[in-house]
Every structure is written in structure tokens, then in C-alpha cells.
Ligand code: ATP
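First comes one chain, alone, set out as C-alpha cells in the form predicted on its own.
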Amino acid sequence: MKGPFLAAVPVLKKLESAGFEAYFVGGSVRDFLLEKEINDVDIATSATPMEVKQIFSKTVDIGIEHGTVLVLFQDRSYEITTFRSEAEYEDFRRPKEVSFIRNLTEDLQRRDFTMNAIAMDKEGNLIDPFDGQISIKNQVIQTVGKAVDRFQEDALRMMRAVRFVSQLSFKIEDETLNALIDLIHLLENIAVERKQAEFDKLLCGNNRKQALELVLLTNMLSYLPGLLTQEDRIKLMLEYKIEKLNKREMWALLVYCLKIDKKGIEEFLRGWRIPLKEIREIQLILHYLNHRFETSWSLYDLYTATKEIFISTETLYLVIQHIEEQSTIGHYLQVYEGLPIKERSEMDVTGNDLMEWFNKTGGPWVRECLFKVEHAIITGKVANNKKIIKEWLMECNHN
């Protein structure tokens, strides 16, 4: 058993010593069987939320109406969820009613895919009533029970299935895929934020190309923000070697392939509910990408882009140009590291210095002068030294 499980064993023992069942469940068990890295472990128990709160002294109610309590134990936090069954779903997303039960098998029965419906006890023994281990061995994504029922309960499961294709390189079982195609229209009931979280993960998986092909095959495209009728643009995206691009670079490539004009980029990304900070980063990558198509990187471009943005831009440029050799990244990185300053705050001159030297009050001229000094430092025309900068400015002013 791996570290995260071993650290959490005392939590299971504490629940069991109080007379309840407790197991590791869900993605952590699946990833353990796949020998993948495990960060967080989820715990399911026969104890009700109130009983969990009585057993542990430090808890947070994060989803108590659905049976989940966050337990703080030995400097770690664990989400502990009561075994539950779910009544009829509404909005193709949320159950109308949740009932707490004492039976593990019934709890596992409500889960999405067989590979996620495996439990493990504190000794490492597996409880697998729906043959999830066989699905993992055969690398198959299959629903627990009828796929039509599972997708009608929660339409987001259809995106999760395709996302797992990207992340795990598994195939979707035929009946599950047919139900996905038939019911894909139910995605219109799902909040954009939920879709975005799944699409982010889909874009970053090792098998993202096949996942995007499934997005096309299933017509999922029609129910994703701004992608209706964009099939040809997505096909264009699949012509590139995209496997090593990070999330930010994938979004930038998507926007590039969609041929969205500069003004429309923010509107498209906001439509996906992408955080503003990420939107600004993607816009910067696209800005410098357009510039890169016209010319090589100048010293000042490298400086203004910043290290992260320039690396993402150059990486994307090479992908779009179908250039596999990435030596230019190393070359420009070496040039960047040799810049005399990396940001304006490192300049050995301030606006106050300028006003004192020229005996003038503040105004637009100060910003213009600082920009002039900044550019001169970057391009090596003047050293980043207050005395030398002053002499250079006085000489420029005199001329």
C-alpha cells in the first residue's frame, strides 16, 4: 500500500473502532491499481455525517447534505463520505434525494464507471462487486449497470468518459459509447464550469488526440461553448503534434485554429468561464505568436514576454510550423537569462530620480523616459547603473 493510504489507515481504524465500516474508494484506488501517483485519498464509511463528527474533533461541513465531511487528522485532511443511495435525478445532474445507508455494495452501485467502483480496506484487500479490476486490466471504460441510466442520472459522466480516454488511454466500451452518442444532447443541461473542468483535463491527457476525435465522433462539440459547427477547425488542431503542450498552450492552439480575431479571444474564453489570469496569459501567448510568425525574438520581446510566456509561445510556434527540433527554445532561453534585467523594478532609476535630475514635475514624460531607459538597458546601449544612466540621459537631452 502506498504512502497516502498508509497515512490514512489510522482514520479507517478510528471509524472501525467506533463500530463502523470504512474503506478507501474511487479514483485513488483505481490509480493505485494503475500504479499511478496518488495525491488524495477518499474514504467511504457506514457512519452518518453526524456520527463522523462525533468521532473526530476537527471537522468541516463541506457537503454534509450529500454525506461528505472534511476531517482534519494528524496534519492532513480527508473527505469522508457516508455510504449512500440516490433517488431520481433532476436536471440530469443532481439527485433529488440522498439516503444514507449502511451497505458498501449499494454505495458502489451508484458510481459512474466500474473502474471507479472499487473499495479497499485498511489491509489492502479489494472489494470489487462490479469487476472494476477486469475493466482496468482490459483498459476499458464501462458504466456500472446500464450506460443509459448512468448518463441520464448525470450527463457530465459523458464528458468524464472522454476525459478518461485522454488521461488513461483506455477505450470506451461499445454499449457505453453508443449510449454516449445517443444521449449527448443532455450535456446542454450541464453548467459551463463543470464542462470546463473536464475539458481542461481532457486537453492535458497523454491520449488527448483520441479524446478530441471522440469529441467529434459523438457530436459533443455542439454542446461546448463556442465550438458549434467548428468541426473542421478541431480537425485542423489534430494535424499538429499536441501531446507535449501544457493546458495554457492547448487553449492558445485551440483559439488559433478557430481563427478568432483579437477582439473575440476574451469573449470566447470568458464563455468557457476560464479565470481572467489565465485568459490574459493565453492572450499574451497569441500576441507574441503572431509576432513570431513575422520575425525572430528580439531582446526586448523576450524581456516583455517574460520567461514562461516566451517558452510557451516558442513551443507553440514550433508545433504549428511542424518543427520537431526544439533547439531554438534553448537558444532563446540562454539569451533571456543573459538579459541585464528581467523586470522594470530591477532598473537602477526611478521616476523620482528623473524629476530630480531634470527639475520637472511628474507627467507622461516620466513614463516615456523610463521606457526609453528600459529599452536602452535591455539592448545594451547603457549599463544599469544610476550614475551612468544619468550621464546618458543628459547627453541624449543635450543632443
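Definition used throughout: the rigid core is the maximal C-alpha set that superposes within 1.5 Å between two forms. Everything numeric here is computed off the predicted structure, so don't read it as measured data. So that there is no doubt, residue numbering starts at 1 and follows the sequence shown.
Heads up, the form predicted together with adenosine-5'-triphosphate isn't pictured, but that's what we're talking about next.
Looking at 150 to 158, 222 to 230, 243 to 251, 178 to 186, the stretch with residues near adenosine-5'-triphosphate in the predicted bound form, meaning non-hydrogen atoms within 4.5 angstroms, turns out to be 150 to 158. Within this chain, Arg111 lines the site of adenosine-5'-triphosphate in the predicted bound form, having a heavy atom no more than 4.5 Å away. Using a 4.5 Å cutoff between non-hydrogen atoms, Phe164 counts as a contact of adenosine-5'-triphosphate in the predicted bound form. Pro49 falls outside the set of residues with a heavy atom inside 4.5 Å of adenosine-5'-triphosphate in the predicted bound form. In the predicted bound form, adenosine-5'-triphosphate sits within 4.5 Å of a heavy atom belonging to Gly27. Only one of the listed residues (Arg273, His291, Arg194, Lys209) places a non-hydrogen atom within 4.5 angstroms of adenosine-5'-triphosphate in the predicted bound form, and that residue is Arg194.
Distance criterion of 4.5 Å from any heavy atom to adenosine-5'-triphosphate in the predicted bound form singles out Asn39 from the list Gln54, Asn39, Asn352, Gln334. Looking at 273 to 312, no residue comes within 4.5 Å of adenosine-5'-triphosphate in the predicted bound form, counting any heavy atom. If you fit the rigid core between this form and the one not shown, you'll see the Cα of Glu175 move by less than 2 angstroms. Relative to the superposed core, Glu79 undergoes a C-alpha shift of no less than 2 Å between this form and the one not shown.
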